[in-house]
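Below sits a lone chain in structure tokens, taken as the form predicted on its own.
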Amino acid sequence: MRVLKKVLAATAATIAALALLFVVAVLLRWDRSYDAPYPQIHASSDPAVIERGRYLAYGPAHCVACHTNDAEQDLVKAGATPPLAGGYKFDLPVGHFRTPNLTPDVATGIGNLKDAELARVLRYGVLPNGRATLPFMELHDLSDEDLTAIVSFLRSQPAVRRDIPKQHFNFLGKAVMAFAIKPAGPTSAPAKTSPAEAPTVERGAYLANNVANCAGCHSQRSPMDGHYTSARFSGGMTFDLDHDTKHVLVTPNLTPSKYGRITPWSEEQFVGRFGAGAGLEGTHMPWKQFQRISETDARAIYRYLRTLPSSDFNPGPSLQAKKKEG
């Protein structure tokens, strides 16, 4: 018995020491900084370039859906286009976060940041202070042309003074930042120009993957670090609904399988659905923003989705009863 007690005591001491080492490692590593190239991107004053950026920010890239505050969300869902002054709150297992102010206000926005610093955040996921961003935006493979357009548009907005609270990471969040989150960066050398605006599979692939981030919601992902836990575009991501605590929204499978939501749809039906707007009250799908997607781009997305590998994952209906916790 005495030997057993010694073994248990030694084991407990070892576990406590390891736990202490882990805590110390988290506290030392969680706010580490990274090096990343500064893209040679320069804002343009060309009205056509700025308008291209506006189309992306208020349309397929739907920046306005998150970079506005809670009080503006109803306006955004109604189709308004306020300046991207940030403030939308995300409550996640790793902490509480509000989106930054992207207007050119010097005190609270991007007024003091260089074009290359903004471009680095979008392309490499590295903030001006060197810290990695959370994987909310998957714009790493934007072409230089579109990256320039977005930066140019951001510079053209009216400056809005809006103080945004700092990000709050709980201990779990700090552990994730210490050991799991790293800057993503582009998957290949970024293209100088975007695929021509035509109803092609190439154009659709660029929009669905690099601009609209369709897979980001239409796939299952870890709530901790955002990594994909299912086949891309196979659906199954769950969202709480606004004003409905009894149900959740489950994103549909977009692959051409027997469980694919759009498998039986014609191209005309798909384009028409984009123009119809929200069909489910409280949905997080940015329908008002996607209504601004040109018909040509909508056709390109449809044709690309038809080429995806078929996934037999069945996420079920979009509206599902919320599971009771515990």
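Small disclaimer: the values here were computed from a predicted structure and weren't measured. Numbers follow the displayed sequence, beginning with 1.
The form predicted together with a small molecule is left out here; the points below concern that form.
Is there a heavy atom of Arg273 lying 4.5 Å or less from a heavy atom of the small molecule in the predicted bound form? So Arg273 counts as contacting the small molecule.
Using a 4.5 Å heavy atom cut-off, state whether Thr103 contacts the small molecule in the predicted bound form. No, no contact at 4.5 Å.
How about Ala159: is it within 4.5 Å of the small molecule in the predicted bound form, going by heavy atoms? Residue-level check for Ala159: no, no contact with the small molecule.
Does any heavy atom of Val49 come within 4.5 Å of a heavy atom of the small molecule in the predicted bound form? No.
May I ask whether Leu139, Arg261 and Pro286 each come within 4.5 Å of the small molecule in the predicted bound form, counting any non-hydrogen atom? The answer is yes: all three residues contact the partner (heavy atom, 4.5 Å cut-off).
Can you pick out, from Ala175, Val201, Ala191, Cys217, the residue that has a heavy atom within 4.5 Å of the small molecule in the predicted bound form? Among Ala175, Val201, Ala191, Cys217, a heavy atom within 4.5 Å of the small molecule in the predicted bound form occurs only for Cys217.
Scan Ala205, Leu127, Ala231, Ala184 and let me know which has any heavy atom within 4.5 Å of the small molecule in the predicted bound form. Result of the distance check: Leu127.
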